[in-house]
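Let us start with two forms of the same protein chain, each given on its own as structure tokens and named structure 1 and structure 2.
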Structure 1
Amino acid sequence: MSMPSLRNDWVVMAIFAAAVLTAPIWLSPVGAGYPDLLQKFAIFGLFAIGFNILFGLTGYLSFGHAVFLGVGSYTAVWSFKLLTMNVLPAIALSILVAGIFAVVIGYLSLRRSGIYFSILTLAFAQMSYNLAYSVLTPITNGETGLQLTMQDARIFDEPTTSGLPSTELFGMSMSGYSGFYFCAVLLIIGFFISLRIFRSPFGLKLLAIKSNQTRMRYTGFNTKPYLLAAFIISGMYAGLAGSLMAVTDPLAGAERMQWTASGEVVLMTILGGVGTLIGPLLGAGIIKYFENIFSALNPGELHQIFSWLPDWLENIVVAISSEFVGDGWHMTLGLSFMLVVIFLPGGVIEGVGRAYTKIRTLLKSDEANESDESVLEPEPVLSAEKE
């Protein structure tokens, strides 16, 4: 595997940026071309990309990553409350505070590896969650969740007279498509940083830690600083994602920190393809897309969808499939997740790769059958090896 050149990266980035910015167009035929959902894609995509830098590169499975998401949200809302409704300071502060949290939690948790690391991160996340619900209520507003009020200071803003102000970027409101494009630009930047990390010597060292940490230590590397750096970076991504959640909807609740929320980002990353560049983003998109579609379906709509079947069969099919839609969406999620872990540990990306090679071999055998079997052209074989 040779290192792809910098120019290749720019091509990748250009394609990626074009794909993200035109998403409202090419996602509208499947019913996902509206800003609310697209924003969700971008936010959870960022969260998963950041998580992947830790889990995908180093193999350290954090089960408490949502704590940074929650911290990011709280910081952003406080920035809206105290400073200004402009989103830039909120985002910068969120990343900073999430980074500080990541330094502390990472420094302690990374003293252990494997399952102990998972449990440590889980324990820290549960502590933050429980505290946010109980004694930290003055900061987090407990169960109600932190939200904007008319009495907020907002020292840099003109006092508002009519209704609650909304988030803005130098006067541009952060709702609708402008909100999406703001998230999209950040997603592109985040993806670019992740790409550079994957390609950098730093990224390679992280990969080496994943494959054999003991050997890394014996060759004289102190692995701890690299791990900590990866942990902090991925925590900052989560903080950014959290602040973007607050940008789209200035409200922060403790349930964002619950360990099931941490589990969700793990699901996304695994489903898409852990350790790949685009996989986590894909996983986040798939989960959020189907969550949106499946949880909105109800038996009545299912009857419409399957109305082409004979009546008795229609009833059976609807009865079975209605277990998996609406409230049952989590069942679909759990099942598909199990199937992916069992059969496709590399996620959707691996599935696509396998299908691709299968099709290639199929096509090739067809070609070989059609042409004289004795003549084998050397060139296609060579190019196949290169891939």
Structure 2
Amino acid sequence: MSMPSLRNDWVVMAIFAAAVLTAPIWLSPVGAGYPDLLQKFAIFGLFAIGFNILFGLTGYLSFGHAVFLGVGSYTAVWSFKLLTMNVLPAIALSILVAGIFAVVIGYLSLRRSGIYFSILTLAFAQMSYNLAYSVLTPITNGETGLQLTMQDARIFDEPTTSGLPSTELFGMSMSGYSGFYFCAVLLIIGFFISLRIFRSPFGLKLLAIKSNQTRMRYTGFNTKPYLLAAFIISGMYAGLAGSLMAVTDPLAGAERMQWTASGEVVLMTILGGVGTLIGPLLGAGIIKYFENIFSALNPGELHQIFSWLPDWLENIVVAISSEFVGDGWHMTLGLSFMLVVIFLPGGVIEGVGRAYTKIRTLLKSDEANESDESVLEPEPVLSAEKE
């Protein structure tokens, strides 16, 4: 990689890290600056980044990625129950176990491509979801979900007598803003790894597979190891996200493996921009903002928001907008998704790019008009010399 490109990547990383670490400040005006929602932004951002490595670079659409999210959560909670409440072993084990599951599922699913691959991954996820409710109940605790108890071994921790312990990192609690900043650091690291993959020869090979896998095979290039590697990396990202869900809230349930969770990350990636670096993060942020902010609005709060309008107009606006918030927030999300797919196939990132191009064009045209006017201005006539 050339030095200018490497320098640009470090600039991107510096801007991204600054934006993530200062999120509590610039998200507060829109009501999203509290720790629980910030943690969700970071966790599902990691989930979407990992999914984008598979879908964005190879074009292989997985409908079963939530299985790795659930596996990561279960592994982390078992680590808290058997080993220690320190989050580092839980995260390491979750990534490892999710990677092992990804090897098995990826090896079998990648025997097919296109819609058949998508259906296979969905089948594996639903099978895992049903097993968690039936055969694997001794491990998953079925419908109740896996939770901490006073009788847990925790062989590396001292016994507790004053209630259930909380997750910690060398004595620092993983709740509140400390939990968010821990997730934020991992998000920055995950984004950096994704950036390096996109810029690497490995990433270029994945893009070539997406462009024309058949032609690559005709040249004698074996695409399967690269696809499997992308699938495993993507699954490990999902396992990391699942472990962070358990870190911020130490319980795990089979609902994290449900097909709706897999569909959610697909929506996040498409909404933000498939194959882009920032797009999936934006998609995750938009969906989680709708889910947590729009779903909490009620007519009383809408009246406060639009109180500056005349009473008759305020009542009309509140009556219309109330259908798109609260229980109807899914309608807002659905309409937003439809508009993006129809008018911005490249996602929100494409809209940002178009707006930037338009602004640059307008600024350049203004500069050109000013320069033309200066050229056309007549030169001042010199006064005649006095006789």
Partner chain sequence: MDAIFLQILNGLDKGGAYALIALGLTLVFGTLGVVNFAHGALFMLGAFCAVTLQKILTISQKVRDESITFFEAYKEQPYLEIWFGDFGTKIIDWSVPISILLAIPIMLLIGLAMERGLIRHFYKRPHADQILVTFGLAIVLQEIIRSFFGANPIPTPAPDIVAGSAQIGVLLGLGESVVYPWWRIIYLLFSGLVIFLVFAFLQFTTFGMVVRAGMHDRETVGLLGIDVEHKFTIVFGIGAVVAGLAGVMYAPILPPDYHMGMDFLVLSFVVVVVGGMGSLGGAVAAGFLLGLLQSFASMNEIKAILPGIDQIIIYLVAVVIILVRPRGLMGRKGVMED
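Think of the rigid core as the biggest set of C-alphas that the two forms share within 1.5 Å after superposition. Every residue number counts along structure 1's sequence, beginning with 1. A quick note: this is a predicted structure, and the numbers were derived from the prediction, not measured.
- Between the two displayed forms of this chain, it is structure 2 that matches the form predicted alone.
- With both rigid parts superposed separately on C-alpha atoms, the smaller turns by 12° against the larger between structures 1 and 2.
- Note on residue 335: its Cα is shifted 3.1 Å between structures 1 and 2, core used for superposition.
- We note a C-alpha movement of 6.4 Å at residue 310 between structures 1 and 2, with the rigid core held in register.
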